[in-house]
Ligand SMILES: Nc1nc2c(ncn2[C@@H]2O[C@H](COP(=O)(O)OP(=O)(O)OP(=O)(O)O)[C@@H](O)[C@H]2O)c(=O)[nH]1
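As a starting point, one isolated chain is supplied in structure tokens, in the form predicted alone.
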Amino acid sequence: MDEPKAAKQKKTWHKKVIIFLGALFVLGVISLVAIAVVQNKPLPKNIKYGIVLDAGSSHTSVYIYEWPAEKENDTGVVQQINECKVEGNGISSYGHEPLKAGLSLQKCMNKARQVIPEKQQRETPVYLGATAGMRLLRLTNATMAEEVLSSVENTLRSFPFDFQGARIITGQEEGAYGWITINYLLGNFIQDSGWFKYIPNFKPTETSGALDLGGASTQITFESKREIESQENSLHFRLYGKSYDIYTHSFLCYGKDQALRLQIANSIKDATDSILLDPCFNSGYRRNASTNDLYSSPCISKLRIPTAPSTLDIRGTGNYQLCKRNVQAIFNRTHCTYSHCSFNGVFQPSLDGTFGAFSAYYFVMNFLNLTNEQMSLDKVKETVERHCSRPWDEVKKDFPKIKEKYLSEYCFSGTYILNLLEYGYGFSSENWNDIRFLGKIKDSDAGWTLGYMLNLTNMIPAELPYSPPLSHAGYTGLMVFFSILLVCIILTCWLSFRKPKCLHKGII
């Protein structure tokens, strides 16, 4: 009678073991899946943001950048994610109404608040760099310039960002940061980015030179293989683990707007009864200009003629050759105390390598359809001359959507660019095709602001990237452990339900 009782006890014991093993198996499967899911889930992006305001002579633009917190060779991999053009003129135009300078920035800064995540706004640095327009205002009236900067600072401090300062950057800085931008976009710092492939037929050298043309100044910057005889034109950078020594110079008063003023001021002596026949405007074009306004610029004030009429009636004649002569007259190439100069006695080593030309260079040449393919210098000259010879009514009819001020000045601007590059800097038909006119590459504007951010990130500490909860060894160990545990449970259950024949030998 004891045998059935023993069998019953054994069956009960087996049932408890099976339940225990089943529960352990389920727990093991859950643990295995949970570890795999948690360890392999997508890691959050550790992104930093920065804002740079380019306060130029004609307008202000707000650029928003982002980069991974874990930097590459101590320099952030920065890319532009948004741009906003401030309505109205540049901040230097508000010298008599400085409060309006700050107010003009509000709309674009509110847009920046929408782009950058709220939780990261407090740590997002904001910089404003004012260029040649403010340099000229400071020369004219330093108090006005300070009041404008103060107004801008007050506005930027009112936003929930980490305001780092507003200042007038030097021409050398503007040129150098533009050089950094161009070489970053062309892939010369991180070659596997391959961004230069977006520019047809462009094979960059080790680095590419930068040509920047604004409204009030122009910059030339490149890495020279020759000695830089003027130390004020020499700069040193360290980016992506490599050092660079470059030549740079900024010509204040030689941006296209101030150059046009220079050309007109030089021609006033030829005016008859307040009428100035100007070959740099299309025939049939007319505009009135105040000589008081013309001479108000420190670039032009030294050219004031006491007998100049108060108002000029400027009438275009559309003569490229005469315009070229007038433009060349604003460059002084009569003296040079160095082995080689560009113009106005400024040292410049011989041109080396390829060059990227941007800002007004691009906008003007793009209008003239001279940016899309390689063209000889003679062909480019023919195109500009053909545009200058067109009647103004015909030009207006073909381009009704372009503002008259800009449209009327393309003849002068095209002529000026050709002479600045050839007569001023020394480009020729042999190396003309080393120049590429650049607007945007991979959604980033060519300009000094991106280079400014790249250089700025050298001062921002790198952070460790987000990593999975477990180390690779810990993750592998746990996965192996739970896998073996599951195999053991399955094997134990199999042995419990199906005993091998060897275990039946002792049974009669």
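Just so we're clear, the structure is a prediction, and the values are computed from it rather than from any experiment. Residue positions are given as counts along the sequence shown, with the first one as 1.
The same protein also exists as the form predicted in complex with this ligand; that form is not shown, yet it is the one meant from here on.
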item	value
Blocked or open, judged by overlaying this ligand from its pose in the model of the complex and testing 2.4 Å from backbone or C-beta atoms	open
Options 285-293, 404-412, 240-248, 348-356; stretch whose heavy atom lies within 4.5 Å of this ligand in the model of the complex	404-412
This ligand contact in the model of the complex: residue 116, any heavy atom under 4.5 Å	no
Distance check, residue 31 to this ligand in the model of the complex, heavy atom within 4.5 Å	no
Residue 175 within 4.5 Å of this ligand in the model of the complex, heavy atoms	no
Contact label in the model of the complex: residue 56 to this ligand, heavy atom within 4.5 Å	yes
Candidate from 132, 101, 211, 182 lying within 4.5 Å of this ligand in the model of the complex - any heavy atom	132
Selected contact from 189, 427, 363, 343, since only one has a non-hydrogen atom within 4.5 angstroms of this ligand in the model of the complex	363
Those residues of 209-233 which, in the model of the complex, come within 4.5 Å of this ligand by heavy atom	213, 214, 215, 216, 217
